[in-house]
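The chain below stands alone and is given as structure tokens, in the form predicted on its own.
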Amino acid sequence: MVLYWTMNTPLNKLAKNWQNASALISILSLSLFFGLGAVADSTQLEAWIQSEARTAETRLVQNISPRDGLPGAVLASPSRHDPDYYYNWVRDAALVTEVFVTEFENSKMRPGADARHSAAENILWDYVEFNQTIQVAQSLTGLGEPKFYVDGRPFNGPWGRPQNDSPALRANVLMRFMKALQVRGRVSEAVDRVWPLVLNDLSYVSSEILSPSFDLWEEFKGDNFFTLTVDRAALLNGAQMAQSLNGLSKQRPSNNEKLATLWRIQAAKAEGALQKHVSQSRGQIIENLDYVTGSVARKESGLDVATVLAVIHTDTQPYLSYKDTILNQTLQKQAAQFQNLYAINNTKLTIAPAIGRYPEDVYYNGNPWFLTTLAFAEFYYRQGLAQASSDSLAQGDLYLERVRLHTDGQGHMSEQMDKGSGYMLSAADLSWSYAAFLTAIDARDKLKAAIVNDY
């Protein structure tokens, strides 16, 4: 890939020195002559994946348990201004923690015998303890409070609250940790140390299941596909966990049965509300409905990558299958919108378009994001797992190539890519970007193994 690295300088850094986006596009087009048209070369991609995985893991660990905070706090980003992301967002922290639960699950060694396994477990217990602290903090909206200082104090300034997807995501990742502990015969630790946090979160989610909530972008308060999807999944996972405890928890078994029944009833209510979001007439999923308040009142397109994120983060309790026609039409519409929206996509490069949050986005003037582009890659990898499809692997890799193009020579990933130049902007070293890369790669590895086994 000759022109991606020019004298070891990333193309997106070079772009900063050009006067306008058209100059960059000309450079990109010329690069086809020099070999960038072969951007999907598998050898180069595999080498980059290995390198970037090490970088992403390192950056994530650096963003956890900062020196000026409590163990287990997860920085959204080390950026303190333009923008200030030096907080523990409950949502972001849960999605980052998925990476370490996966590492803990995948280790076949006995606890403590493998360094990576042991490091992952330590991070998970720190996460548990930090969330024990913030669950009981005196915040403005209780468990729907979106973000906290790294010392555990709630942020009580003006903000979009409540955000009811956050406790559901936390409950889901904690239950995955519980299951991994149970597999290793450590049931009492799971029940005594983790289950109480899950009970708190699911009690809140159950009681607020149909209440208006701010969306994951913190801009729209109303009825959100993402929130309902992750809330439904958490309640169903909780019902299964409650029944599996069989009296091992400090709750009486009959209470667990009652909780399981209640949570399934509430999950069914969420499912009923979700049906409104699946528009047969428009042939797509509409992410946000029934506006109450917020900085964004309406998205004319109805499209939002939050829909894709909802699907990939609820694999254990899917509302829609990866083969669902309306879901796939929604992805195709989103890709087409972003293809035409951003100048960096209007080239002859044989890679997928960079993906933003939603077409009407104006935050930082509206740009593609790393985590949303990676969400598309992960979607296709997970879709492929349902059928061991090499076509899905190739589709996902095209989105991964897009991310590779805009990642700098040191493997840094910010929040966004400038839509005109491709240069990174907004919050540096965004934890969610790195987590999105690692969860996508995990899905990719599983798909590759499934393809090999299928043949």
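A quick note: this is a predicted structure, and the numbers were derived from the prediction, not measured. For every residue, the number given is its place in the sequence shown, counted from 1.
One more form of this protein exists, namely the form predicted in complex with a small molecule; it is left out here, but the text below deals with it.
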* To do: Work out which of the listed stretches, 150-158, 187-195, 256-264, 211-219, brings a heavy atom within 4.5 angstroms of the small molecule in the predicted bound form.
  => 211-219
* To do: Decide if the three candidate residues Y322, Y381 and K448 all line the small molecule in the predicted bound form, where lining means a heavy atom within 4.5 Å.
  => no
* To do: Please check if Y363 has a heavy atom lying within 4.5 Å of any heavy atom of the small molecule in the predicted bound form.
  => yes
* Any of the heavy atoms of L430 lying within 4.5 Å of the small molecule in the predicted bound form? -> yes
* 4.5 angstroms heavy atom contact with the small molecule in the predicted bound form for W369 -> yes
* Report whether the minimum heavy atom distance between E52 and the small molecule in the predicted bound form is within 4.5 Å. => no
* Out of N246, Q332, Q138, S295, which one falls within 4.5 Å of the small molecule in the predicted bound form, going by heavy atoms? -> S295
* Structure fact -> Picking from A76, L327, I123, V101, the single residue whose non-hydrogen atoms come within 4.5 angstroms of the small molecule in the predicted bound form is A76
